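First, one chain by itself in structure tokens, the form predicted alone.
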């Protein structure tokens, strides 16, 4: 690339071929959460691509105002699912974010602190465990009920939202190397990807996943050596660190086993390791082979023959996780598994596949837009009053915990694996 490139990180600049693929047809507009809220062209996928192309061609400087439009993107990739031209919008935004991270900006200190936290807290298991432990204790303690009854946090908006997002019963963490449910007479074995936040705050989801698989005679192994998938880092523009994490996971999990992932964001990132490491001569082929072994939980379970029936008498609202529906294009499999549960009544809500506003760390860095999208979900829950809200991603679960509370409902928020596990246990008791 020429030395006079307008991008601060030329090697990670968005590809001109990717940018030129957008024909500005506008079919993405109705699918874009930020455009649906603001109605602004610059807050739409084609608007953001237009800005990136103008910068790439030297017609526009990468000013803080331009960067702000890119920052407001949730990277939900709903636009990709409806794009007739096959624009790789997720890839474009990751490379644009890499430029934003490297460019001078008024919130440079905030971005450095964010990068430090993602690298030195989220991606370091022991540090993350120490940081999350108090929140996990609080979530299951009587103190939480007292705080809520007395409304101690009502004057602390962002802190109040974070408290509302904590799962009701986080459960004991599951970490690489831990022993999970062992099936009788295992017919197959898979690697369970434990992740970072998922392993610390949603250990119950991992255990439910292992039990569901065990009942279909599949052993789930939390293979040692695995680390954070790197999705949060890539979405924040730290592609170099995301590549380092990808290499570590490839080294740790290389082999023939299917890799089952119950976090939609992690699964999408890992399925794209081949793309992330395409220019690494030592890892390109290995990354592509690794990505081909990755399966979402629902994608894998729906293929298992003779899986047990389930029983759960409840009205269930399934909400698509963005990186499951739009990035991995997995929509029908979770719904098919829910239809197999006797007594389960599907509750259709408008915008079930519209982003909830969680989007990794988005609710922390763009609280206004996140709150607006969460309020829309809360309104739908209030209208339809489901007994259970089901999704397939930890960030979504946390956002829905807050949305259900805002709706004034006592509905449970569950991962699909948790619902199937409970339904199968109910059926066995009958």
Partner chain sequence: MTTRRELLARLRAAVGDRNVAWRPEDLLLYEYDGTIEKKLPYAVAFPDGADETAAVVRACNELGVPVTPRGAGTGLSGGAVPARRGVVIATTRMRRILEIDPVNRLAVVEPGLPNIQLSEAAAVHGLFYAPDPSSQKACTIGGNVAENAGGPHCLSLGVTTNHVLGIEVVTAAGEITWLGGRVPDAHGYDLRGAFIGSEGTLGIVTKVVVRLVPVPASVVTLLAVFDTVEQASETVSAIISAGLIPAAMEMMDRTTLQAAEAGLQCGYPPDAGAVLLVELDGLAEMVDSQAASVRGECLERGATDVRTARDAAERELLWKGRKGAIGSLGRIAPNYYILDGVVPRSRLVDVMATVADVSARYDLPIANVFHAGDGNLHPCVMFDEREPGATERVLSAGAEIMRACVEAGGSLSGEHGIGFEKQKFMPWLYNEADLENMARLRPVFGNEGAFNPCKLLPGGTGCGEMAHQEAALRAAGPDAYV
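Residue numbers count along the first chain shown, from 1. The shown structure was predicted, so the numbers you read here are calculated from the model rather than taken from an experiment.
Not pictured, yet referred to below: the form predicted in complex with the partner chain.
Undergrad: Among the candidate residues 303, 85, 275, 345, which is the single one with a non-hydrogen atom no more than 4.5 Å from the partner chain in the model of the complex?
TA: It is 85.
Undergrad: Go through 375, 40, 385, 361 and name the one with a heavy atom inside 4.5 Å of the partner chain in the model of the complex.
TA: Selected option: 40.
Undergrad: May I ask you to state whether residue 36 is within 4.5 Å of the partner chain in the model of the complex, using heavy atom distances?
TA: Yes, residue 36 lies within 4.5 Å of the partner chain in the model of the complex.
Undergrad: Heavy atoms within 4.5 Å of the partner chain in the model of the complex: does residue 379 have any?
TA: Contact check for residue 379: no, nothing within 4.5 Å of the partner chain in the model of the complex.
Undergrad: Considering only heavy atoms, tell me if residue 29 and the partner chain come within 4.5 Å of each other in the model of the complex.
TA: Result yes; residue 29 sits at the interface with the partner chain in the model of the complex.
Undergrad: Any of the heavy atoms of residue 69 lying within 4.5 Å of the partner chain in the model of the complex?
TA: Yes, residue 69 is a contact residue.
Undergrad: Sort through 400-408, 387-395, 48-56, 363-371 and report the only stretch with a non-hydrogen atom within 4.5 Å of the partner chain in the model of the complex.
TA: Among the listed stretches, the partner-contacting one is 48-56.
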